[in-house]
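Next comes just one chain, in structure tokens: the form predicted alone.
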């Protein structure tokens, strides 16, 4: 079937893109790229061969890792002066750390192309007046995936109400998630939920729960604010689930791929996760929850605020790239309408206006896509980015070991938050933030 966007067929768009790409002759050029790795990104990377065929250039992917590992690699490259590779995966949560690494794309990308992206994403991709990346169809905010059959079981519903005093239904608050996760858990065979347990990933989850509970991670001057009642309530939520055996014992080592594969295994009841997993979770060839999958907006905390830590992926071109025009052409190709239609088909939210129109039209005839889109659109209404400081990742590296210590029972919640707060305060003072 040929899809239509604003009255123009995809076939026509592809033909136009091919002509444009062929007009840019980069024969003999080889671009080195460092890209985020993961199952959900491979369909897009398969398109690189199309760009190579159209331009005569070659792409050599010299690194493919999760962004936490890429972050370490980028910083090592900056320190060693080895930044002549050309294209890198980037993310709004990480971008501010690399002020010298990436070039300004403004003179390399036609203004009409830049205008085709959602304005808020372009604004967030512009740091100190430089457009440092083009956003891909990976606008991230999390919604709640769940196994529908659990809520259709009359015996479970009766047992739950007898124990907790309220009806079993898809949770709308994080207290309900905790209750239900403990109720559903049957370790080591089945778990109520799971969470990322290390690096920036757990700090991001902690951060959004603190906000949902009425607190803040930082004050306006970026001094730590999380050693508060809201912070203690939030960390206790993680601690309670671990202590009850409602999450896998290895959760403090989990990152996103671990969570995605874990939920797809059919052994987890409730899973807060990103839109890019929706297609994978509902694919019978890859997932045991396919056909039994529900998606709901992210729950609310005690302050009546919905969790909504958000960000977006993109691609950047290094300042030291010898072929910036070719690199910019590749970055534009990987984030154009056709690429975003491809990515958004699996669930990710697009960052081009025309692709949003396409996704909405497609969802109208697909009940599952409609459910996914409605859940993520509702959550996105109150989404919030990470605090706007280039020290975000450094701060999370100080916070997450203390969160882990509390979860594992090595420290009390009060001790862990005090230690983390003191460490972040010292970091901010040493860096001259205040």
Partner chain sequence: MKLGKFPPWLALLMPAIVLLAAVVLVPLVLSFYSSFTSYKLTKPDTLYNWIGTFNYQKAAGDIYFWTAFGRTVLLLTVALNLEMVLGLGLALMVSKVTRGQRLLRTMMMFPMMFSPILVGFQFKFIFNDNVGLVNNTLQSLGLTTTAIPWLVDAHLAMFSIISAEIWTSTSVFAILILAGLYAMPQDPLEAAKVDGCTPLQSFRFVTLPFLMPFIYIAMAIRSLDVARAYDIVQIMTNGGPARRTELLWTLIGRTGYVDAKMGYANAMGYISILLAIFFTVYFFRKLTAARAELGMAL
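It should be emphasised that the depicted structure is a prediction, and the values quoted were computed from it without experimental measurement. Positions refer to the first chain, counted from 1.
A second form of this protein, the form predicted in complex with its partner chain, is not displayed here; the remarks below concern that form.
- Across the options 29 to 37, 381 to 389, 54 to 62, 403 to 411, residues that bring heavy atoms within 4.5 Å of its partner chain in the predicted bound form belong to 403 to 411.
- Using a 4.5 Å cutoff between non-hydrogen atoms, residue 254 counts as a contact of its partner chain in the predicted bound form.
- Though the partner is left out of this view, residue 273 does not reach within 4.5 Å of its partner chain in the predicted bound form, counting heavy atoms only.
- Using a 4.5 Å cutoff between non-hydrogen atoms, residue 249 counts as a contact of its partner chain in the predicted bound form.
- Its partner chain is not shown here, but in the predicted bound form it comes within 4.5 Å of a heavy atom of residue 393.
- The contact with its partner chain in the predicted bound form, taken as any heavy atom within 4.5 Å, belongs to 242 out of 174, 242, 333, 356.
- This chain lacks the partner; the member of 148, 75, 288, 156 within 4.5 angstroms of its partner chain in the predicted bound form by a non-hydrogen atom is 75.
- The three marked residues, 188, 426 and 430, each reach its partner chain in the predicted bound form, with a heavy atom inside 4.5 Å.
- In the predicted bound form, 267 is the single residue of 265 to 294 with at least one heavy atom within 4.5 Å of its partner chain.
- Between residue 255 and residue 82, the Cα distance is greater in the predicted bound form than in this structure, by no less than 3 angstroms.
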